[in-house]
Every structure is written in structure tokens, then in C-alpha cells.
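The data below hold one chain only, encoded as C-alpha cells and taken in the form predicted alone.
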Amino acid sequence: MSENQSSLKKFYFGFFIAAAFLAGGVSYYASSHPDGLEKVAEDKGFLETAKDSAVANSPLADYGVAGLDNERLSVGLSGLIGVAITALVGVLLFNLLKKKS
């Protein structure tokens, strides 16, 4: 393995650790205020007409893991799962593109 590849792997590993820390630990402290679209719907009076998403009952709906009563753990675990899935999809796509070129 070349020195450049080693540096790149260290960078990716560091980036993954930072993302995992933010998603798993800091995400619990994110704002609980509504996002922009929800705020406008609330201000204009049509928020109550909103329908649930097709994935509203999924295991990771509402930034938490279904079935976990501890909110902090639920939000943190949901963030970690999201980071892991995103990293996995990214690695698979990069490897697929690398093989084609």
C-alpha cells in the first residue's frame, strides 16, 4: 500500500469517526423546533392537513429507533445506523465506479 493510499484511508477513517460522533452523540441536542416547511405550514394554518409519510412507521422514523424507550439512546443509535448505511452505500458505489474505469 502506498503512502498516499494510507493517508487517504486515515482521512476516511477520521471522517467516519467524526460523523459517527456527531450523529451518535451530538444529534440528541439538535433543535427540537420545527423545520422551515413545518413552520410555514404552522404559521399559515394548514399543518393539521398534513398526512403521514408512507414510511412513518418504519424502524427509524422520527429520528429514532422504534421500540427503544430511552430517547437519547434511540436518537443516537438512529444516527449511527444512518452514518453506517450511508458509508456502506458510498463505499459500494465508489468500488463499483472504480472497477468500471
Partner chain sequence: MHIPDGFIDIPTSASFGLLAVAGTAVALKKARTELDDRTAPMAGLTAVFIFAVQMLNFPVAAGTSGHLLGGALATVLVGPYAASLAVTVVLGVQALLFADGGLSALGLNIFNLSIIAVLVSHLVFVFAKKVMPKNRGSIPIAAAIAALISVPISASAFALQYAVGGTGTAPASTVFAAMFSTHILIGIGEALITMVTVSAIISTRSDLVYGWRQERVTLEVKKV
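Residue numbers count along the first chain shown, from 1. For clarity, a rigid core is taken as the largest C-alpha set superposing within 1.5 Å between two forms. Quick caveat: nothing in here was measured; it's all calculated off a predicted structure.
Quick note: we don't show the form predicted in complex with its partner chain, though the next part is all about it.
Enquirer: Quick one: does residue 67 come within 4.5 Å of its partner chain in the predicted bound form, counting heavy atoms only?
Expert: Taking the distances in the predicted bound form, the answer for residue 67 is no, it never comes within 4.5 Å of its partner chain.
Enquirer: So in the predicted bound form, is its partner chain close enough to residue 72 to count as touching (4.5 Å, heavy atoms)?
Expert: Answer no; every heavy atom of residue 72 is more than 4.5 Å from its partner chain in the predicted bound form.
Enquirer: Using a 4.5 Å cut-off on any heavy atom, which residues of 53-90 would contact its partner chain in the predicted bound form?
Expert: Read in sequence order, the residues that approach its partner chain (within 4.5 Å, in the predicted bound form) are 53, 54, 55, 56, 58, 60, 61, 62, 63, 75, 78, 79, 82, 83, 85, 86, 87, 89, 90.
Enquirer: After superposition on the rigid core, does the Cα atom of residue 93 shift by at least 2 Å between the shown form and the other one?
Expert: Indeed, residue 93 is displaced by 2 Å or more.
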